[in-house]
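Listed next as structure tokens is one chain, alone, in the form predicted on its own.
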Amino acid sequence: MRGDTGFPIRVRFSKHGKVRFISHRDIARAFERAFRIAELPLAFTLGFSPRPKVSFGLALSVGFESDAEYLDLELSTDVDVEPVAASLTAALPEGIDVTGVARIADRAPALQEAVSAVQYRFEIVVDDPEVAASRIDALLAAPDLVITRSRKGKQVVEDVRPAIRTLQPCGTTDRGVLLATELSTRPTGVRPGDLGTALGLPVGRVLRTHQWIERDGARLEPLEADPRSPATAPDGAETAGPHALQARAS
């Protein structure tokens, strides 16, 4: 988010329930409507068709739920971020809740470039948990995991094994086993559906639990990364950071 003439903020939101079937484009439209209802002083692009300066983070697959989605938004004037979470949540569809807002530095790296790891909890459908455990062990012991994907109409073969940092059972459901995984986003990403295919087991509900920005050996939640300097915050306002995150109680 460049913030050359405006004031960038970062928004964290969750997505649960039936709204998980809404497309990424529809989520963006819902937020644009919520910005208007909340009367945020949006900064707009120049040209014949001005658009709000909004940049979403890593796209979430349709059907997935999440505790940790993010977008960056540029405002034309600075605001107190404290009431923003509640006002946006009230204007969004049921199932989307804004859980944090932070001021970020001008020219902070874009979310899609900065986030280097994501965590998921997902269900695999299986009768015997021991079957899941043995297949997980085999997958993690394998030197590679080659999958074929379609990119721009072409079939591309990729080894995604290096992107799988952790994969382990973390509970059971009435249909199978819950798995927890941490995945790298670079140089190539891998999705829970890919893991299900590799395990030879159907994937049920999927929840994205965390996204991480990793720099110089530190792991940062995106609202903690790139805080705006206190010198640029309005008089009497706290700079956003680990202790200035505004959360809405569920």
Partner chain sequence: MTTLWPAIEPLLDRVEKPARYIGMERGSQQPEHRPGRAAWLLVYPDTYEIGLPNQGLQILYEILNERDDSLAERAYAPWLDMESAMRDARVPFFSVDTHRAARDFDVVAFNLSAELVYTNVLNCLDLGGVPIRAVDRGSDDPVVIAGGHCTFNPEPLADFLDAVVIGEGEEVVAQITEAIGAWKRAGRSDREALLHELATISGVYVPSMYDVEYDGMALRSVTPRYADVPARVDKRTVADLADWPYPKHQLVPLVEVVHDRLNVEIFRGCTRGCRFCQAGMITRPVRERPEEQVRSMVVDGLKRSGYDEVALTSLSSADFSGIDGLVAGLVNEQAGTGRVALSLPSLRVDAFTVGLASEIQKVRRTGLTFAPEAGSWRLRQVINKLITEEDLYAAVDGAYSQGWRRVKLYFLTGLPTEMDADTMGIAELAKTVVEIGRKHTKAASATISVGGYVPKPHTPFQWFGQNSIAELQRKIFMLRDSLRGSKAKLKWHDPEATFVEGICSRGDRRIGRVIERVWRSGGTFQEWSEHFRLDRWTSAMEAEGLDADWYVTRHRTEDEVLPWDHIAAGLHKDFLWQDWKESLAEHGLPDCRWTPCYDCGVCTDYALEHVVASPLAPAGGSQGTGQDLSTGGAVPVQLLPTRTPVKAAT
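If you're wondering where the values come from, they're calculated on a predicted model, not measured in any experiment. Numbering follows the first chain given and starts at 1.
Another form exists, predicted together with its partner chain; not displayed. Remarks below refer to it.
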Thinking of 120, 154 and 167 as the candidate spot, does its partner chain come within 4.5 Å of a heavy atom on all of them in the model of the complex?
no
Using heavy atoms only and a 4.5 Å cut-off, determine which of 137, 94, 130, 80 is in contact with its partner chain in the model of the complex.
94
Please tell me which of 191, 53, 205, 210 lies within 4.5 Å of its partner chain in the model of the complex, judged by heavy atoms.
205
Taking heavy atoms and a 4.5 Å cut-off, does residue 219 contact its partner chain in the model of the complex?
no
Closest heavy atom of residue 62 to its partner chain in the model of the complex, within 4.5 Å or not?
yes
Taking heavy atoms and a 4.5 Å cut-off, does residue 186 contact its partner chain in the model of the complex?
no
Check whether residue 214 has any heavy atom within 4.5 Å of a heavy atom of its partner chain in the model of the complex, and answer yes or no.
no
Pick the stretch from 158 to 166, 138 to 146, 106 to 114, 85 to 93 whose residues have a heavy atom within 4.5 Å of its partner chain in the model of the complex.
85 to 93
Using the arrangement in the model of the complex, list in sequence order the residues of 15 to 45 with any heavy atom within 4.5 angstroms of its partner chain.
18, 19, 20, 21, 22, 25, 26, 29, 33, 36, 37, 39, 44
